[in-house]
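Before any questions on binding or motion, here is one chain by itself as structure tokens, the form predicted on its own.
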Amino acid sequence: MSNTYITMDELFAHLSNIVGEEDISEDPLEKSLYSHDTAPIPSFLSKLFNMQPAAIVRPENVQEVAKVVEFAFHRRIPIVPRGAGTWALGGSVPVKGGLVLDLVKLNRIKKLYSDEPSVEVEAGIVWKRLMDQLSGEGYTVLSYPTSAPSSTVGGWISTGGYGIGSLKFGYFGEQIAELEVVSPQGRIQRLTSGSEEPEMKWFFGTEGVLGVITSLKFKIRRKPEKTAVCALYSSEFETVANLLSSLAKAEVVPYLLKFMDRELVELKNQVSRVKIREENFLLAAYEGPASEVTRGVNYFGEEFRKAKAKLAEENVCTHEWEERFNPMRISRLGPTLLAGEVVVPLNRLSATVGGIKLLQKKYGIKLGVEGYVVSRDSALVMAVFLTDERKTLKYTTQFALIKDITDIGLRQGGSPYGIGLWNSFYAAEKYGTEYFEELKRVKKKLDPRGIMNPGKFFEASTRFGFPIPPRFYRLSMAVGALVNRLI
């Protein structure tokens, strides 16, 4: 903790008065689990940061969140909001110790508005649970993350907001009507698109550095009348990329438009009961009124025939649609799975994937690439690779591959999908210089004591009180890549 004037006994006593003893943990094993997310951190990097929280706090309602945050603000104790921790960029990991504010108990549906239709939920509710409960009422969400079985609603808007359904219904932030947040000083605020200070948009994708999202009201829809899934293979990725662009710009927009390159298919086949032909793969799902879905499927057929691609078997289509919640199943091949994610212009997709594939020789590692078309003009690209965190030197050098993947996306006019700790050097490129400077001003105004998720997003700040210079980061990653080729 940054505050040296409070003992652990005093800290525990203060927090117990707010949330009760049963909702505080100081267990060393549990604190260790909260010191990382889904990506193990190379040991030499972890030594630069204080990733062990002093305690984990699990508030049960917004009032408790506000009291914990207010206490932390007055005592200058760092506080890190956390959802399910399903991300891999260090956004929910402490770097200056302090408190982890686990929002898992804020998981209720507050109200269903059938006339709009929309729903208001607490930020800690898991997507799949929400979808199952809405389904019983005849509704479903507009879009959701591929990690829906485990990730939370608040976590998704804080980190990404693009996923399944984004092509048809847009970025999740565009679906949100109201946001309840707790400010860094412990004030409960209700924001709408018309709110001026603070603006609701400031909390989208900023990973808890400006406050704690505690509930959201957003649009939903009636369950679709019909769903149809089509898929195809091609030996050339260029063919797949061209088809993705045509399908994304069609009159009937697919609900889901996904691709996998040959290498990812090969990896996936090792853990899948339904095998896919080991070529580049495209999956399209259509949802909506039956007549609309039929038109979409017919257009898919026309485009597939013109491209002279190969139609996938019906059981493959069904299986891959069901597998949309398991993009990381290949982690079973481990022991460690790492990934780099970028959003690129759709017309630069083929060049981006081609550039990523060249890294295989540089690092001596197989890279599988998959992604989703998230708008008519852009695609989310994820390159994954297997490594072994137990082999410290090799793992550390291969960690540099994430930077190379990001750089390739930037050269193609794209941006990192998220920031967290490891992409803090790219935040200005993601948000644009003008908006990024605005966010920095907002941070200073809303959080003058710098307690909210400090040491990341705006800079990678070490436990020693100084940030890692971007030039040093790039140099160390380049050295890592060189060492990787020599060992």
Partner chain sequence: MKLSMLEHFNMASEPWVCSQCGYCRVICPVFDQLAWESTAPRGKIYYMKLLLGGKHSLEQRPFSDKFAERVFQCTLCGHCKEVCQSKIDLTKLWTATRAELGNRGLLPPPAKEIDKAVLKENNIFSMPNSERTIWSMMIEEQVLPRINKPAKIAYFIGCVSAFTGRIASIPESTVRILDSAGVNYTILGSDEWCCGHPLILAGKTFSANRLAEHNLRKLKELGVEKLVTNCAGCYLAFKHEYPTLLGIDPEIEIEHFSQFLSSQVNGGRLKFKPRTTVVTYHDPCEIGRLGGIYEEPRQILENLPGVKLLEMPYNRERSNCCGGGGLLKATNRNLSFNIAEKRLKEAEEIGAANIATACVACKLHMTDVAAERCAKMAVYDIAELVAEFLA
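Keep in mind that this is a model prediction, so the values were computed, not measured. Residue numbers count along the first chain shown, from 1.
The form predicted in complex with its partner chain is left out here; the points below concern that form.
- Note that among 386 to 394, 198 to 206, 108 to 116, 373 to 381, the stretch whose heavy atoms approach its partner chain to within 4.5 Å in the predicted bound form is 386 to 394.
- Checking Thr140, Gln185, Asn242, Ser331 against its partner chain in the predicted bound form, a heavy atom within 4.5 Å turns up for just one residue: Ser331.
- The contact with its partner chain in the predicted bound form, taken as any heavy atom within 4.5 Å, belongs to Asn326 out of Asn326, Ser291, Gln360, Ser193.
- When its partner chain is considered in the predicted bound form, Phe436 lies well away from it, no heavy atom lying within 4.5 Å.
- Its partner chain in the predicted bound form is approached by Ala84, whose closest heavy atom lies within 4.5 angstroms of it.
- Residue contact with its partner chain in the predicted bound form: Lys168 places no heavy atom within 4.5 Å of it.
- Contact between Arg75 and its partner chain in the predicted bound form is not found at the 4.5 Å heavy atom cutoff.
- Contacts between 145 to 166 and its partner chain, taken as any heavy atom within 4.5 Å in the predicted bound form, involve Thr146, Ser147, Pro149, Ser150.
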